[in-house]
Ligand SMILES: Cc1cc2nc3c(=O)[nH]c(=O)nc-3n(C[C@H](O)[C@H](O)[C@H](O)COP(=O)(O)OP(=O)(O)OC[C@H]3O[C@@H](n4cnc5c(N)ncnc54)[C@H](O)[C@@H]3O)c2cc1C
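Take a look at this one chain, the form predicted on its own, written out in C-alpha cells.
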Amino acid sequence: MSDEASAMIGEDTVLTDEEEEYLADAITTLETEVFVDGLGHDHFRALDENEGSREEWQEYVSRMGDAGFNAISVPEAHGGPGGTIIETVLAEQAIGYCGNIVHACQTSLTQHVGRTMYEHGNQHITEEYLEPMAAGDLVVAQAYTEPRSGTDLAHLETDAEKDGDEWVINGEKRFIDFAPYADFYFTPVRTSGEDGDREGVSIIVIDRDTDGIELLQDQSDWHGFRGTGASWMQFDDVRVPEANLVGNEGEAWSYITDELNLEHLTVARYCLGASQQALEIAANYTANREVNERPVSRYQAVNHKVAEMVTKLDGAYLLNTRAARIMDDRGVSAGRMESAMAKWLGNELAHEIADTCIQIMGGIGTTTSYPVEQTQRDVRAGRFMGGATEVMKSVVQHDAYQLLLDEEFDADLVGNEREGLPWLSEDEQPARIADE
C-alpha cells in the first residue's frame, strides 16, 4: 500500500478516521514486528513448500497476541483486545496484504472461534482456552469437515457420549488446517438427535495431547494455501472433561452459523488483501516493462483490466465493510445476506484479480520471482473455505426473495395478463384492460 494506507484504492468515505488509522497502524506493526526475524519472505516460501513447523506457528501467534490482533472483538474482561468487527476485518485485510492468507487464516480462527467462546463458553473455557489464545499462547484448529460431511454439517458422524463427568468422542475429521500444530481443536460433535438434525449438535474443545487422537493422513499438498499441515484425523474414545463443552449441550447449531457469518467476512477480506498486493505489483510491473518502446501499462488491453480490477476491488471492500458494520451494530448473527454477498463477491474477485495480474504481467508472473503466482494459488481456496460461493448464492437468494416479494403483487393475474397486470393495483391498470 502507499504511504497513506487506505482500505480501498479510491477514497474511502465509509470508514472513520480512527478506523483508517487502525489499518495503517496494523500494516506498520505487521511489517516491522510480526513478519520479520524468521517469519519473513523465506518463511512464506517455506510454507508454500509445506516446510512449516510447530515452533514457527507458536512464534507467529505469540507475536500476534503481543500486537493485539488475536480475538479482536472479544472484550478485555475475557482476555481480548476489546475491538470491533470492523477492526477485525481490517486486521485480516492487512495480514493478507503483508503476509499471506495462511497466516490470516490462523488469526481468523482466533476471531470467530474466540467470539463463540466469549458468547457461549463457561469460565473454564474462558480461562483455559480463550484468554491464552487471545494472548498468543495457544494455536487453535477448527475441526469441522468430515469425510462425509462438510457444508452439510448436520450430517456429521463424530459423536460424543457422556460417561460420568467426561465426554467420550469417536469419529474422523479431514482437511483440518493446523492439526499438527494446534494446542486444541474446536470440534462439533453429535451428542443427541438423529443424522441430519440441527438439534443435538454440540461443540467440545479437545486438547491436542489427549489420548486417542491420531493424524491419519497428511493432506497438505494442495494446489495452494499450503503450510497449515492440513490433516485427516481420528478420535478414538477420546475423553475430555464435561467442562470443555461450549455452551449448552445440543444447541450449537446457532453458535456455528453465527461463527460462520463472521468467518465469511474474515476469509473474504484477507483474500482481498492478498489480491490487492498482487494488483499493486502488477501495476508497477506493467508501468515499467516496455514493449515496442512504451510501457505495457499504456496499452488499453492492459490498463482497462487494471481499471476493472480497481473498481471491483473497491466495491468488494464496501460490501465487506457494510456487513461488518451491521455485526458491530446488531451482533454476529445479523447481516446474514450481506455477509454472504461479501463472501461470494470478495472471494471470487480475489481469485479473478490474482489471475488477471498474472495475465497482464506475462510469463514472469507465473514464476517465483514475484509472489503473484502463489497468491493466485492461495486465494483459490477462498472460493470454498468457510462456505463455497454456490452456498453463498443460495443464502443470498433465500433472503433476497423475502425482501423482494410484494404482497400486493396479484398472483392470480400471472399467466392471465389479459385481465390485468399483476404488478399494478386495480386503479393503475391500463385503460384497455380496465375497459375490457
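Position 1 is the first residue in the sequence shown; the rest follow in order. The structure displayed is predicted, hence computed values, not measured ones.
A second form of this protein, the form predicted together with the named molecule, is not displayed here; the remarks below concern that form.
This chain appears without its partner; in the predicted complex, the one residue of 55, 66, 31, 390 with a heavy atom within 4.5 Å of the named molecule is 390. Screening 385, 47, 372, 26 for any heavy atom within 4.5 Å of the named molecule in the predicted complex leaves a single hit, 385. Heavy atoms of residue 151 reach within 4.5 Å of the named molecule in the predicted complex, making it an interface residue. Within 4.5 Å of any heavy atom of the named molecule in the predicted complex lies no heavy atom of residue 104. Residue contact check for residue 118: none of its heavy atoms lie within 4.5 Å of the named molecule in the predicted complex.
In the predicted complex, the named molecule lies within 4.5 Å of some heavy atom of residue 145. Of the candidate stretches 164 to 172, 193 to 201, 326 to 334, 220 to 228, only 220 to 228 contains residues with a heavy atom within 4.5 Å of the named molecule in the predicted complex.
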